[in-house]
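Okay, here we've got a single chain as structure tokens, the form predicted alone, with questions on binding and movement later.
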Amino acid sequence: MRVAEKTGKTVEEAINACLDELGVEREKAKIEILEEPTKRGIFGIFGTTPAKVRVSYEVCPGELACDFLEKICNAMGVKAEISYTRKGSNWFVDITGEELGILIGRRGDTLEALQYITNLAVSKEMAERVRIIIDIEGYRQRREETLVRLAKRLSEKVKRTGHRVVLEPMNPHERRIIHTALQDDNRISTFSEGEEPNRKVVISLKRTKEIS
């Protein structure tokens, strides 16, 4: 929550000063009048006590993320529509438009970096930690489907040859997709090896003890 307290000759002046500082529209803010302006001295000839107000604004993580991403897109000269939805404790941001490959990068590397810095930027403004998940033109869904098919195909190869398969380096999210896709196969074992950012998933046959 963002809070501002200001004084002014009038209540309205103090409120407007708070709204300007917070950068929020009046209808979205909670306004508390702490002190009304009052005249001091006989007939008010010695001046007045200024009005004092407190304005608070409940920050929306989705809006913060969209504003941050809009600035990045504008700086890059990328035209895009940015929207958000909330599911449980997660905030999902969807970016749509034309020629957005520059925001996705090779195998989603740029997308992951974009998501990381957006989470950092939003967290600075929030009292508690939130999770922002960004997708661009449905890339994440398509990538997940591709990885699941890859996992199934390579697991069959491992069963056929008996030799383990080491996949290319992947980020934690993509490695989790591989592990999840094969977790119910009682003949296959998966694990990760190596150090970030070159950590890889290994698909191998389960040992006899693991199967039994």
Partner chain sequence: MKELVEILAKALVDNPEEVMVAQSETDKTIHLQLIVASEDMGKVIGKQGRIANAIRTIVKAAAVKDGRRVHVDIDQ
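Numbering follows the first chain given and starts at 1. What you see is a predicted model, and the numbers here were worked out from it, not measured in a lab.
What follows is about the form predicted in complex with its partner chain, which we do not show.
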{"query": "Proximity to its partner chain in the predicted complex, single hit among Arg142, Arg86, Lys71, Arg131 (heavy atom within 4.5 Å)", "finding": "Lys71"}
{"query": "Glu137, Val148 and Met170 each touching its partner chain in the predicted complex (heavy atom, 4.5 Å)", "finding": "no"}
{"query": "4.5 Å heavy atom contact, Ala75 and its partner chain in the predicted complex", "finding": "yes"}
{"query": "Any non-hydrogen atom of Ala121 within 4.5 angstroms of its partner chain in the predicted complex", "finding": "yes"}
{"query": "Partner contact for Ile102 in the predicted complex: its partner chain, 4.5 angstroms, heavy atom", "finding": "yes"}
{"query": "4.5 Å heavy atom contact, Glu81 and its partner chain in the predicted complex", "finding": "no"}
{"query": "Its partner chain in the predicted complex - contacting residues of 112-150, heavy atom within 4.5 Å", "finding": "Ala113, Leu114, Tyr116, Ile117, Leu120, Ala121, Lys124"}
